[in-house]
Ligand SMILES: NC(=O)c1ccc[n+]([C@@H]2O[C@H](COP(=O)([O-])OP(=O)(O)OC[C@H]3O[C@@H](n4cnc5c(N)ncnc54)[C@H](O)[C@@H]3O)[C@@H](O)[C@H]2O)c1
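Just the one chain here, the form predicted on its own, laid out as structure tokens.
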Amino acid sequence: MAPVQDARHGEGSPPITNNGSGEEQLHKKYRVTIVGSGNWGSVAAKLIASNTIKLPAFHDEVRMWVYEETLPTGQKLTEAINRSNENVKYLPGIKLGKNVVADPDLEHAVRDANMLVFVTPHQFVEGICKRLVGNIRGDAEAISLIKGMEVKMEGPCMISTLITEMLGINCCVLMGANIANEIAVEKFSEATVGYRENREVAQRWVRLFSTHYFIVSPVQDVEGVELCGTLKNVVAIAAGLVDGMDMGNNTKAAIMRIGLREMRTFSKLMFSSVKDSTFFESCGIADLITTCLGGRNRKVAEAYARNGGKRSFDELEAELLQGQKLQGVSTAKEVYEVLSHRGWEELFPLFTTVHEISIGRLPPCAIVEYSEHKPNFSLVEGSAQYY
């Protein structure tokens, strides 16, 4: 009888331990830099630092590039982080690990690293990569924790692809049901690493992030994993609008189901390689659920609805998120650009409506009114099979 695999490690995948391979230990040590230092970036630093200090395959020190800010006290944010061992602005009260070093100089922070963790708002990635060209090691590997995408003339460009194309390095992704503040206090959580071909690289990322309270599984589906993490923020805006109008749990459940359906359809239309099974990983339905129940997109959208759409998302973001960035509204705009370019708006009524509400073209209550109109499946040949 074939051995039964732990379901957490993905279908047909051998278990991954947190011990590091003998080959890695003998031939190469890995040095990690985190590009970004917001709420999620700081939690990632804590996870990673707890592993690099005990696993012989990695250098102890973890560099974290910090976009320098001056705090109300007059102190620089990097100085405060290095003095207190916590990100006093974006993750106060949580010790990151004494082996985390905040660095305001991007080029210096990445200079010796061969494992780069990207975790910034997606709209800043292209500018960051331009600065990194020629400044990173040739053997570097990357992973993106960034939820969003760029829209080019030829269609959507995933952040992992943008990093690969601009820097000439392989880029995996890590997505999941990961509300950062809960992981920071070590509540149990899961995540998914999406990789293309090299499973050994994926295993290294799994070892780097995995702890007893943060369980990471590999899946060979970069686009599927990344699109789940990206598109769920659009659905979370819809869920927040429902909350803001006190429509109840039945309505919210319906919105989440319709949202998952549109996520799956959009992903498979954009990339034929996307696997159905990916939507049942942490990056899929689990992330959708947690983001629609908590998370910043739901929170700001609720406030938008309670204000009757009279205060902009930008204004509410500045008021409610203390410097963090809202991803759902910008992602809805980017998705809409793809849909309108192809004439697919009627095929994705939820995505389309979220965008139109977010720009003030429709009132918040329209989030349920659109459901009176059935999607026109004939707009895209063969698309009905995805429903």
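Treat the numbers as computed from the prediction; the structure is a model and nothing was measured. All residue numbers refer to positions in the sequence shown, first residue = 1.
Heads up, the form predicted in complex with the ligand isn't pictured, but that's what we're talking about next.
- Take the ligand as it sits in the predicted complex, overlay the site C-alphas onto this chain, and none of its atoms lands within 2.4 Å of the backbone or a C-beta, so the site here is open.
- Of the candidates 296, 268, 207, 196, 296 is the one whose heavy atoms come within 4.5 Å of the ligand in the predicted complex; the others do not.
- Interface residue among 58, 336, 348, 65 relative to the ligand in the predicted complex, by the heavy atom within 4.5 Å criterion: 65.
- Proximity to the ligand in the predicted complex holds for none of 30, 116 and 134, with the criterion being a heavy atom within 4.5 Å.
- Contact annotation: residue 162 falls outside 4.5 Å of the ligand in the predicted complex, judged by heavy atom distances.
- Interface membership of residue 324, defined by any non-hydrogen atom within 4.5 Å of the ligand in the predicted complex, is confirmed.
- Interface residue remark: residue 121 is counted as part of the site for the ligand in the predicted complex, having a heavy atom within 4.5 Å.
- Contact between residue 145 and the ligand in the predicted complex is found at the 4.5 Å heavy atom cutoff.
- Stretch-level contact check against the ligand in the predicted complex with heavy atoms at 4.5 Å: of 274-282, 162-170, 244-252, 179-187, the positive one is 179-187.
- With contact defined as any non-hydrogen atom lying within 4.5 angstroms of the ligand in the predicted complex, the contacting residues in 34-57 are 37, 38, 39, 40, 41, given in sequence order.
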